[in-house]
Structure formats: C-alpha cells, structure tokens
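So this first bit is one chain, no partners, the form predicted on its own, shown in structure tokens.
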C-alpha cells in the first residue's frame, strides 16, 4: 500500500479528488455532513495513528477502491485506510477513534449491496481483509474458528476436506468475506433448507467502540445465559462492534445432489409452484426463481447460446440433496408429477456434475449480468413465500406506473426476491426522484404482504430512508437505544441503518 507523506515522513490528508495525466478526475459523491458528535480527521490525528499503528496506515491514491462497494455507482472516499492484522490492533484503533470522536467504517470484501461499507462521512476506513486466517477446524465438535477476512468459499472448501459443510453461500461466496456475511446476516440459495449465516454462529470475539475485546457467548450448541449478544451482533452492520473472530457451527457434507430447471409460462405460475413443492413434503436444498429477462441477460453475459421458447417466461432452479440418490430421484418424480399442470416445455435435469455446475453458473452470475447491462438499484424484498405471486405481480405494475424496467430473480424458497431496477437511459431527475417514490411504494406493498425490505443484504446506507415503511418508531427507538449503549459516541459506521444524524 502506498503512503503519501510530507518531507518529515508524516502522513498527510489525501485530496477528495485524484488527478492523473492518464485518467479523468475521479469524482466522489458529496459526503454527508459530519454529525455534530463527530470530529473531522486532522493532520494531528493522522500523526497519532502513524505513531501508534505505523505500517498499518494507508493514505493517498489507494483510497478510491475503499470508497466503493457493489451498491449502484456510489463513491465516498475515506480520509484514511487502516489495515490491521490482529484483534489487538483493531481494539487499539477503536480506542483512539473513540477518544477523538472519529468515524470508523468497517469493511470486509466490499461486495455489499446496501452501502453498508461506504464511508459516507469520511473518517477512518477499517479494512479487515488481512485478518483472513482459519484458526481452527474442530472436527470432533464440528466447529471452525475464523477471522473476519476469510473468504466464505475458502472456509467451505477447507472444511469440506474434513467431510464437513458450512451451508451459507451468497452468490458472491467466492469473493465475499465472513465478516461481511456476519454484518448483514447473509443467506444464499441454500438458506431455504439450511438457514442463513445467523443459524451457524456460536460465538464471536468483538472489539467494542471503547477498544475493549469481548467474547459474546460460548462455543456451545445451546445458550440460555442472559441476553444473546452473539445474535445481536449478527446483522448489526458494524454499528455495535467489529468482529475479530467467529466460531461457526458445521454439519456433515451432503453426499448426493440432484438439480433441475423447470420452465413456466408466467411469473405467477412459477411463484405458485413454490408453495406447492413444500406441500408435497419435499424440502429442496435450493429453490431459485429467474424471470425470462434474467436468463436472457445472463446467457448474453456468459456468451452461452441458450434457447428459451417463446412461451417460457420464468424458471425455477430446484436442487435436492441427501445421503441416498434413490430417495432424491423419487422426490424429483413426485415433484414432476405434481407440477405438470403449471410447467411448459421441457424440464431439464442435470445428469452430471459438470451440467450441475453450468446450471448453477447461470443463477450465480445473474447479478453480474445485470450490473454489466446497466446502473441499477437492487431491492432485497422478502415476503411469506405464499405471497410471492402477489409480490411479483405488484412489482411489474409499479414498473408500468413509474416507468422503470425490473429484472427479478432470487431465493423463492424462502420468499426472498431481488428486484433489480435498471437505469438504462433514464435521466438523473427520474432516477433520483420518481424512481425513489416507486421504491417507497414497493416497500409499502411488501409490508402489506407481511414482508420487509431486506432478507439478506441489510439496511446499510441506501435503504435506511425506507425503514419507516416496514418498522414502527418504537422499534426504531429501541434499536437506537441499543446502539447508544454499545457505541455512546456514535463512531461506528455512522449514518447506517438509521436516518442521517438520527
């Protein structure tokens, strides 16, 4: 990491804009006004950081990558980046920032979709990527202890070598870190059968805003000893503390899988089939929804010539897993028979591991295909799964009313559909004004259906203005009160979850 310094060797503040001979000026989004309880980063504070953290301090040209995540096209530059390698360094940094009232934005791998890792007020960006060790795989108790910078898929691969399985698998599992997964309570396709990140967390080591390191509970399967601080931390988006170690529960690795792609004549028909599958007594290990536009975008993105008959408007990707292949085949036959009245065309059954991989690639690359096609807003709606037909129908009606094109896909088995609104050639006034009204109305519809605004992406920066549509003031005040107990000076990830300066 490069460091800018003056002639005395001390670091200096970087400019909000970076000029270069070969590239145009990088324009950051205007920072949010610094809340009154926080102080700006000064040269004096930078010198203090340099003296106490030395080579962990990075300032200058490498600020720009830390000002982005996967949320739209937003860019908020931090004042300084700190990249610790140990828990005590994290605690030390937080103690300094607490004392000087400096904002700290924790960051994992930067794959978030709600802006949770964007340093919207500037301040210190706490990059956790170098804390990436798997500390212990306990095969007897089926647990793994990891640092927050570990990539999720790496954890899965390492424990699989011992015949064990860590199920949560966001689509970005090959690049996202477990710390970010913990911050947002991430899910993924296999949450329908196995649950989300939250269901596999036994214990956490956390650096508090004051600089104290604590363990939130015990590394046991049952816990009834006071408040469950472990679960409180999961999904708190770095606003209550910074995770420095996690003890995760594992299960035996499934030995057999069966994967099929089912075509449907309408979006509603595909959604209606979801509830029918569960009424058959079958619990798929994954049950994913993709509308036609999603399939067309991803096939073009991957440069794969996939013929989709005109009568097919949606697909369900259904995976079954377990120890016995004959049981899976019987379940698949039952499912085929029960859904014949809803499907059209040919049901595709993956015959080999390679074919399974190819089908999964289609689903896991949809988000990248959408991103390549247009600037977009991704809404992480979740409703009771029986309400999916109404949700999808209402999304398309709102698109017609507000003039936007949407591409829908996601985890139909647990009612979690990603609604991607494409900017295309839309003007800024419509994109930042009219479309926002449409999104607000969408969340009101979601709430009316018994759902909420995020199933796995979190509230972060871009969704906090919509929180009142799905959560009452009393609940929000209770959450603010919890925040104040853990972070009395409000330094941790300011302006996330709650409205600005609230």
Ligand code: MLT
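Note that this is a predicted model, so its numbers are computed, not measured. Residue numbers count along the first chain shown, from 1.
The protein also exists as the form predicted together with ligand MLT; that form is not presented, and the subsequent description refers to it.
Checking 79, 147, 378, 291 for any heavy atom within 4.5 Å of ligand MLT in the model of the complex turns up a single hit: 378.
In terms of contact with ligand MLT in the model of the complex, the residue from 277, 383, 233, 113 that brings a heavy atom within 4.5 Å is 113. Ligand MLT is not shown here, but in the model of the complex it comes within 4.5 Å of a heavy atom of residue 418.
At a distance threshold of 4.5 angstroms between non-hydrogen atoms, residue 367 is in contact with ligand MLT in the model of the complex.
Using a 4.5 angstroms threshold between heavy atoms, residue 171 counts as touching ligand MLT in the model of the complex. Proximity of residue 315 to ligand MLT in the model of the complex falls outside the 4.5 Å heavy atom cutoff. Of the candidate stretches 325 to 333, 359 to 367, 71 to 79, 400 to 408, only 359 to 367 has residues with heavy atoms within 4.5 Å of ligand MLT in the model of the complex. Contact annotation for 430 to 467: residues with any non-hydrogen atom within 4.5 angstroms of ligand MLT in the model of the complex are 456, 457, listed in sequence order.
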